[in-house]
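In the form predicted alone, a lone chain appears below as structure tokens.
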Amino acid sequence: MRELTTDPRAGRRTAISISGLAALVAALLIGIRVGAVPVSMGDIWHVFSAPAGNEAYQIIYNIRVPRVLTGALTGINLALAGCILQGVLRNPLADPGIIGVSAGAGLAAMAVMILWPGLTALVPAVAFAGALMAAGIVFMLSWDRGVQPLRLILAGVALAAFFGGGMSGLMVFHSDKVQGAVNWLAGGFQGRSWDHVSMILPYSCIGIVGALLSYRYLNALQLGDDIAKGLGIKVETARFSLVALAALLAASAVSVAGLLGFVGLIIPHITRMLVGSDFEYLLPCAAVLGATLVVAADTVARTVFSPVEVPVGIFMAFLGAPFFIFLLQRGMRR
């Protein structure tokens, strides 16, 4: 008789998932509650149970709720994009920012915002095209009988610098139109409204569903191309489709949050330490932790130095840069 066995990590994963969801709910509520004008939990409850149209309603419903929702969706998208890229490329340093995907999306989005401001609704789609183009160029430059990790990082850094130069050029030649673009470039959620939620939500739904359904392909790719082919996976098709999915997620995040770096690098590593490398658990947990981190970081960035609001992109850089150096040093010791 076959003996049934249970995964010893199942209890730990369940506890981490529940704790992560509780932390996300807490981050969302704190993000709505704190600010220049404090509101109570009762005010938040009344906004949704008995809308009154008073000052508290205007602050909560029209300013803070769309801001935290935009932050949460941005965190989910960047975390999932980082997980997918690290899984597809089997490179722990892969991240939408490091391999140039975010910069490609950023240049395309900035071009629309500065040159064709009336077409703002098209920013996510144009950013997606820019991200795909950047991913294609990086793949082409790093290909030598397969994607070479070191060449990929170097090509990504070079391409990000190239696109960064393009963004600087746009600001120089259109200096009279760059005020909004400069704030966007730093990465942040100041002034985000329900329009931004509507802008990112459709792309996020497609990307999140696609990412959560792709865990079998990502697990198979971790075993190597030969074994993946033996399991019936069309390796190159799966790899291209997953990179396109990561580009969609990263581009939608860039279109509403600007160049918010390091989320796609940090969150997959932290999540992997908590729940292991199985993408069936890694992807949903990373999405929850990514949303929690971005919402919490944005809340801290806009309240700690009040009345001055620090763009969350600057705050994330102070968190992410030391973590990136830590990963590099750990990799060099191996």
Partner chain sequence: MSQHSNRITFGMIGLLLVVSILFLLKGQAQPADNQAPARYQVTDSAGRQVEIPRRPQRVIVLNASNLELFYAVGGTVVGRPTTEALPEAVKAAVRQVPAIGITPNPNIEQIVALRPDLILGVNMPFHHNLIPVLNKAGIPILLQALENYQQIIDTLHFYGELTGQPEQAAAVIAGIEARYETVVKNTKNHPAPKVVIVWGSPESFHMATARSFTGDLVKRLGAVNVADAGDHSGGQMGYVPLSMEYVAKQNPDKIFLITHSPDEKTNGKIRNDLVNHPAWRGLKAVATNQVHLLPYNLFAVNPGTQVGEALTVLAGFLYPEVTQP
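Numbering follows the first chain given and starts at 1. Throughout, rigid core stands for the largest set of C-alpha atoms superposing within 1.5 Å between the two forms. The structure presented is a predicted model; accordingly, all values stated were derived computationally and were not measured.
Although it is not shown, the form predicted in complex with the partner chain is what the next lines describe.
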| field | Partner proximity in the model of the complex: E309 to the partner chain, non-hydrogen atom cutoff 4.5 Å | value | yes
| If you check in the model of the complex, is W45 within 4.5 Å of the partner chain, heavy atoms only? | no
| query | Might D195 be said to contact the partner chain in the model of the complex, defining contact as any heavy atom within 4.5 Å? | reply | yes
| message | Taking the partner chain as it sits in the model of the complex, is A36 near enough to touch it, meaning that at least one heavy atom pair lies within 4.5 angstroms? | response | yes
| Which residue among V126, I233, A244, L201 has a heavy atom within 4.5 angstroms of the partner chain in the model of the complex? | L201
| field | Contacting member of G224, G165, G136, P117, with respect to the partner chain in the model of the complex [4.5 Å, heavy atom] | value | P117
| query | What stretch, of 248 to 256, 234 to 242, 100 to 108, 187 to 195, brings heavy atoms to within 4.5 Å of the partner chain in the model of the complex? | reply | 187 to 195
| task | For the stretch 52 to 75, return the residues whose heavy atoms include at least one within 4.5 Å of the partner chain in the model of the complex, in the order they occur. | result | A52, G53, E55, Y57, Q58, I59, Y61, N62, I63, R64, V65, L69, A72, L73
| For S277, is the CA shift between the shown form and the other one at least 2 Å following rigid-core superposition? | no
| said: Using the rigid core as the reference frame, would you say A72 shifts its C-alpha by 2 Å or more between the shown form and the other one? | reply: no
| message | Does G258 move appreciably between the shown form and the other one, meaning a CA displacement of 2 Å or more on the superposed rigid core? | response | no
| field | Direction of the Cα shift between R302 and P124 in the model of the complex, where the change is 3 Å or more | value | closer
| note | Evidently the Cα separation of S252 and V112 changes by 3 Å or more in the model of the complex, so the atoms lie farther
